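First comes one chain, alone, set out as structure tokens in the form predicted on its own.
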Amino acid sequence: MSEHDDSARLSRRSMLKAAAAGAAVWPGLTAFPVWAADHPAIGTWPAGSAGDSVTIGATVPRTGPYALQGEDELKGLQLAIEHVNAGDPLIQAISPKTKKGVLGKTVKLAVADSEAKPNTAVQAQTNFITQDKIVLMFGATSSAVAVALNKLADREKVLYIVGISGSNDTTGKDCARYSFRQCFYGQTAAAAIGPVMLKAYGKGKKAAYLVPDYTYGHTVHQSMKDFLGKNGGWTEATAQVAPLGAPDYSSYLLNVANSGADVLVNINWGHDAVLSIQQAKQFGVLDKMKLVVPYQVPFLAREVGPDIMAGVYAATDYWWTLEDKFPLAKRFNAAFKAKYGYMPEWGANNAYMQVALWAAQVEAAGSFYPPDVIKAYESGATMKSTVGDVHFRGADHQLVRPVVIVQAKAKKDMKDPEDYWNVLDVLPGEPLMQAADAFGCKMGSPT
């Protein structure tokens, strides 16, 4: 036996003796769990969960074109942590074993502005890992950020729950063993809204696409183009690709206007979506063609206004009037509005659900040890949510959940100032999803 093996065995035996004696093995821990002695240190474990609290590191855009959506996500995250620490009945409905805190430990939050930039997010999360010993990363709103954090999660062996990320690649070719996504994405958006478009506008139409130039835009564009072409004989009149944060869409919209398209499919997101739709109206594009938003943007209807948005179809993750169908949605809406003064958008709901579902997995594992938590996620256990029963798919770490089809209301049909969308359908997720390996997901070992 090597000297290294002898040292490892002695170290393990020493920890077991200390645990049995109730001695402090790590700072703030008075009785080291017996199971912990069977695992080598990995990522921030066990230091990150050794005391009476654990920390989540959040990187959301608080400036830039996605800032409004990032702040909404942050609010959902803060509410979820507040509920976890209080043992709120809503959290307990999703994570029944949660009492106060996760495994009895208070959850804390560290926050940084990602600016929707991958390098900024990775640097901030690296600091959280080094300085705060975070047990969990949260963040995205940009799929480019999500993909970068996927890679960081696997490299650093720290769990990552994805915020808003619509790219197929996030749980496709860029999937990660340490990463889990709750929200819908390009493939499911296309499979959900495509039939609605074919029914409303017919077959053999021409589509013009406004595409943000990064992984989200390209994969949603491809999914929409593939579905409409295969199932409806639609053709692409033009695809106008613009950088994130473009200040002016006039040149792109001129090409759209001259393309002969019947429908404008706007894949832009955040303020980019607002600006491009407003300019499409100003330039007369929307007088020539219908508008569809396949991946609905939180606050879009409010920012653009019902006069322009009326009748527009969109696919989304969550809309607050789902409370008429799902009891947990009603409880979430009430808690969110009581704290923040408005009905939640889907970014806030996504963030809340990600934390609640993570708590359920940790409680099921009985440990913060990352490979154990990953096994709990991959078990495929059914959990309750604000949109009904859901479960994670073990092969690609994508949540199997409904996609919601909405249509924007005219101002005269709004029952109150926040009643922007009419829910047309809530489609079960599994029939909308591709095979788990269809987009190239290949995961490594969790250790």
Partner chain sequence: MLNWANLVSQLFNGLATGALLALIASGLTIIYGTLGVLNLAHGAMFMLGGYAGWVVYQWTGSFALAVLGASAFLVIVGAILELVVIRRFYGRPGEDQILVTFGLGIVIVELVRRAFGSLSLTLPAPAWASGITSLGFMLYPTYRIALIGIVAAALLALYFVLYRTKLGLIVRAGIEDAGMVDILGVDVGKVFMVVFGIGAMAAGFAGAVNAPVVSLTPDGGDAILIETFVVVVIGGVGSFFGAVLGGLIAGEILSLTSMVDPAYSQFALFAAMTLVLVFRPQGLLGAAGRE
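Numbering follows the first chain given and starts at 1. Every value quoted in this text rests on a predicted model; they were computed, and no experiment measured them.
The form predicted in complex with its partner chain exists for this protein as well; it is not shown, and the discussion that follows is about that form.
Of the candidate stretches 313-321, 359-367, 97-105, 283-291, only 283-291 has residues whose heavy atoms lie within 4.5 Å of its partner chain in the model of the complex.
Residue Leu275 is the only one of Leu90, Leu275, Ala335, Met343 with a heavy atom lying within 4.5 Å of its partner chain in the model of the complex. In terms of contact with its partner chain in the model of the complex, the residue from Glu236, Asp262, Glu303, Asp372 that brings a heavy atom within 4.5 Å is Glu303. Taking the partner from elsewhere, Ala67 is found to have a heavy atom lying within 4.5 Å of its partner chain in the model of the complex.
At least one heavy atom of Tyr252 is located within 4.5 Å of its partner chain in the model of the complex.
Its partner chain is not drawn, but in the model of the complex it has no heavy atom within 4.5 Å of Pro327. Its partner chain is not drawn, but in the model of the complex it has no heavy atom within 4.5 Å of Ala200. Contacts of stretch 236-274 with its partner chain in the model of the complex, defined by any heavy atom lying within 4.5 Å, are made by Ala239, Gln240, Val241, Pro243, Gly245, Pro247, Asp248, Ser250, Ser251, Tyr252, Leu254, Asn255, Asn258, His271, Val274, listed in sequence order.
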